[in-house]
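Only one chain comes next, encoded as structure tokens, the form predicted alone.
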Amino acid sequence: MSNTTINRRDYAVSEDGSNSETARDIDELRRQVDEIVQSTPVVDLHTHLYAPQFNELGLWGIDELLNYHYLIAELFRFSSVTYEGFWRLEKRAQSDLIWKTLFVENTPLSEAASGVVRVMSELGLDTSARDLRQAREFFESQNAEDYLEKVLEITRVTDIVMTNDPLDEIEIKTWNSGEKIDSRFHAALRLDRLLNGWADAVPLIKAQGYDVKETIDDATIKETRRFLDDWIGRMKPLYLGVSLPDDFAYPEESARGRLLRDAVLPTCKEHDVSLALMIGVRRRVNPALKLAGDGLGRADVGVVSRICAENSDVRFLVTFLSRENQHELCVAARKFSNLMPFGCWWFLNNSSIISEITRERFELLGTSFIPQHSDARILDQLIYKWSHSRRLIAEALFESYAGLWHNGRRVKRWEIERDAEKLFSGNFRRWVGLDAGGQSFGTEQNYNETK
């Protein structure tokens, strides 16, 4: 409970906001908030999942779940295995080692490890098993399409936004095949290799028929914009996105600065598509850990304020990786209506930090933010990531309502439903123009008319 002092007998929640025999105290408010938050459909705005049409890029099952880079990094805190020795193992042997070390010989207390326990529990598997035999038998018996439906039903996730790299060979083949993509999976055009590694991206872009050069001139900017135009037409992305280092600056005299200013931002304006900035990554802090070796750093939130001020006709989705940047991001969002804070990213996806950030956002922004995304890399992770996040968001929302009631305003059930819809899907749908489903309902009457 927060510092809000609650006189439990004074509060009630009902359809008309009055006291009632069936809803007399704060416990009923908590029950209704929990019920509504748990049942509200989710649009997962940032994942590394793929529609079934991308075949081998879609990951699921116990061996993928255990070979998650968070668990790999955690393994080395307990095991004497060397980096080289671990990477020489086949995937099943890696999973066996991770299970034995983190789940049998140690208690799985970390967010990533306890998440695996949550998935197994939800699927009826033995979370205290000494080996992975039962889990493997279960997943081997699953049909991929049916299992996808099972996971979406459990999590109440209706839409998934992928991360799509226009320079990835497998993705290129899929997009160019003309095969219809599952409509529940939406594209996000990822710009990391283009903006953060231009020299390496040039030959890949040239191979697709665009006359770009490592030295950026007007002709290269024009061709880069044509490249982006074509991929936007092919993918129809909900937004363009890029992860950026903690020392990201704007403006900056670099290939990234020139491309962002003269190619990416004008493209966003022309296509009326949002740009997602995910800031604070320090790549390869420990290269021996491969994907698990990235870290974080505190960034300059002022770069976002400058970008928003100079590009008032572009909508920005923004998240920072450092906990220390969160308050300043909220303050910036109060100043720029074209800035939408979203999610608790990477190392922020821990209960204590999610609770702090979500409460801070309620206090500074009301419901005008997007509290979470899963960032899932393995389909099964949706189960624990959304179970985890719903519980924490419900707690923060309940305490905000309790504080409001303490100040003299009782919350009606339809208002809780409206707020949950905004937080879990509506704010994002409106921001990216996904469909009319994110319409904001301003009164009880027009909300009920939509039911």
Ligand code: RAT
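Computed from a prediction, not measured in an experiment: that's the story for all the values here. Just count from 1 along the sequence shown to find any residue number.
Although it is not shown, the form predicted together with this ligand is what the next lines describe.
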I need the one stretch from 152-160, 118-126, 341-349, 355-363 whose residues put non-hydrogen atoms within 4.5 angstroms of this ligand in the predicted bound form. 341-349
Heavy atom within 4.5 Å of this ligand in the predicted bound form, from candidates M278, A255, L132, V264, belongs to M278
From R225, R323, R190, R315: within 4.5 Å of this ligand in the predicted bound form by heavy atoms is R190
With the partner left out of view, is R377 within 4.5 angstroms of this ligand in the predicted bound form by any non-hydrogen atom? yes
So in the predicted bound form, does any heavy atom of K91 sit within 4.5 Å of this ligand? no
Would H69 show up as a contact with this ligand in the predicted bound form if we use heavy atoms at 4.5 Å? yes
Just to confirm, R283 within 4.5 Å of this ligand in the predicted bound form by heavy atoms? yes
Contact set, 237-253 vs this ligand in the predicted bound form - heavy atom within 4.5 angstroms: S243
